[in-house]
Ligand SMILES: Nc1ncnc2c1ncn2[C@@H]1O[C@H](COP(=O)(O)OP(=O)(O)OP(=O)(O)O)[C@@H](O)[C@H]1O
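In the block that follows, a single chain appears as structure tokens, in the form predicted alone.
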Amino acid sequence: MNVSMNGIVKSFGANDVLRNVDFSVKGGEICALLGENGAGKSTLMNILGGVIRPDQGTILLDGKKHAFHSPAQSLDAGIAFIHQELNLINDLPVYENMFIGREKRKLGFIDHQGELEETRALFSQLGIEIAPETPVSALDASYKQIVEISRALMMKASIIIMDEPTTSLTDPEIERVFDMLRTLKKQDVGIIFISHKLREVMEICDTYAVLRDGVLVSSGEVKDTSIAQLSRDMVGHDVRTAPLGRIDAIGEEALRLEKLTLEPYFRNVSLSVHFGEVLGVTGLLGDGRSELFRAVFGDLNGYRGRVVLEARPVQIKSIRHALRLGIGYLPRNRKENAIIKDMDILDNGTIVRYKKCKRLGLISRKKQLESFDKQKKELLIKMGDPSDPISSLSGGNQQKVVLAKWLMTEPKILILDNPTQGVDVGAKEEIYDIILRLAKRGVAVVVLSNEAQEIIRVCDRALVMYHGDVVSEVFGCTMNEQNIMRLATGG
């Protein structure tokens, strides 16, 4: 099936989100849909997926005009939308997940045997080595993605929209999903691939379309472009790629770990970070770095070894204790661990300062606004009213609100776990600038990231972990992508 969206216009109040956008994808093609957070990608795909209706424009499927009033109508037409938060039930086996909402029935009862056989036949056709009886909870993230894709095919989807499908995957898991996408191409399925990871776009996609501020600014074949050009199209100017070298003086030792061990996550880890320094800790997902610093932050207990803070041994017993000691921690996976979806922007950005925002025993909205306004200006947070839901912001601006929350604690040591996960190239640069400003003020910053390029760009030096062990320190000319990857894979 071929899809063509022509002259799509959509506004929300005075905000023009899409302005006369043309977009198309063919069967047997993987098309990258690119743009900064807030560029209009989600709105365009929500129109194609039947979630919202355009103000103007037409949708053609194989040349025939369609108008979708609901996601069900879009799905019935052969378009499936796989969202970043997968819609699977962990407690059910794979084959039952394949038929949720459209269960097979026989004599009035759910036909489990029929569902099992149909799932097994589809998996065999696609070369998927998953037993249909397996509980979804037993699958890793890549196989969950594959189950979602298979379910879309079970619903006779000819076009599949994938929103940031590799955000939480390891390199081997990404390759497993890519193998699945290549199989779908051969079966004439069209795939719309939404991603901020431009290297993946260059590897897996055939065509691309770039939105900026609601306008289609470029499109074409991937083989005719480059990462630098795509970045330039997305943000409207050249994006810096060189390491952000600094000449600021490094201060006294802020934090030292001595033979810290907490099985099965990490063992015998010794390291130090100084005031005014940006220390990177990298490796592959599952290397133990997040658990290591969750222990430092009081979120994982039971470790052995010593934590020395400003030359004084401490036993950090809780998150509250860590905060009192001047340690802040921005966790990985913003949507699950960092923002509170039911709270507005202001409450998300000031929750750690509630005690200082009280007046006569009640939280003062005025004091909250005064505290948040400074961070809003300094971090260049693009937002509407502070009482708007946090979900109204782009991913990059949500991340800045979370960062603002921790900066309000005035930390001496700030741990940032994958600080730019799920944000676009422009927002990444802004977050890097924030990190360097913090270091210049004397904050000891620890950046945990599995992106070697990010470590090289922003860190003074880095430690590489492998299966819970620190295997090497890299800096200067040894802090390059090839060396980091070799060490991170146990080489």
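From 1 onward, residues are counted along the sequence shown. This one's a predicted model, so the numbers in the text were calculated from it and none came from an experiment.
The same protein also has a form predicted together with this ligand, omitted here; what follows describes it.
Can you tell me if residue 40 lies within 4.5 angstroms of this ligand in the predicted bound form, counting non-hydrogen atoms only?
Output for residue 40 is yes: heavy atoms within 4.5 Å of this ligand.
Check whether residue 261 has any heavy atom within 4.5 Å of a heavy atom of this ligand in the predicted bound form, and answer yes or no.
Looking in the predicted bound form, residue contacts with this ligand do not include residue 261, since no heavy atom lies within 4.5 Å.
Would residue 164 sit within 4.5 Å of this ligand in the predicted bound form, counting heavy atoms only?
The answer is yes: residue 164 has a heavy atom within 4.5 Å of this ligand.
Does any part of residue 17 reach within 4.5 Å of this ligand in the predicted bound form? Heavy atoms only, please.
Result yes; residue 17 sits at the interface with this ligand in the predicted bound form.
Within 4.5 angstroms, counting heavy atoms, which one of the listed stretches 251-259, 293-301, 323-331, 387-395 is next to this ligand in the predicted bound form?
Looking at the other structure, the answer is 387-395.
Find the only residue in 272, 84, 409, 229 having a heavy atom within 4.5 Å of this ligand in the predicted bound form.
Checking each option against this ligand in the predicted bound form, the one that comes within 4.5 Å is 84.
Which listed residue (376, 405, 196, 151) meets the criterion of a heavy atom within 4.5 Å of this ligand in the predicted bound form?
The option sitting close enough to the partner is 196.
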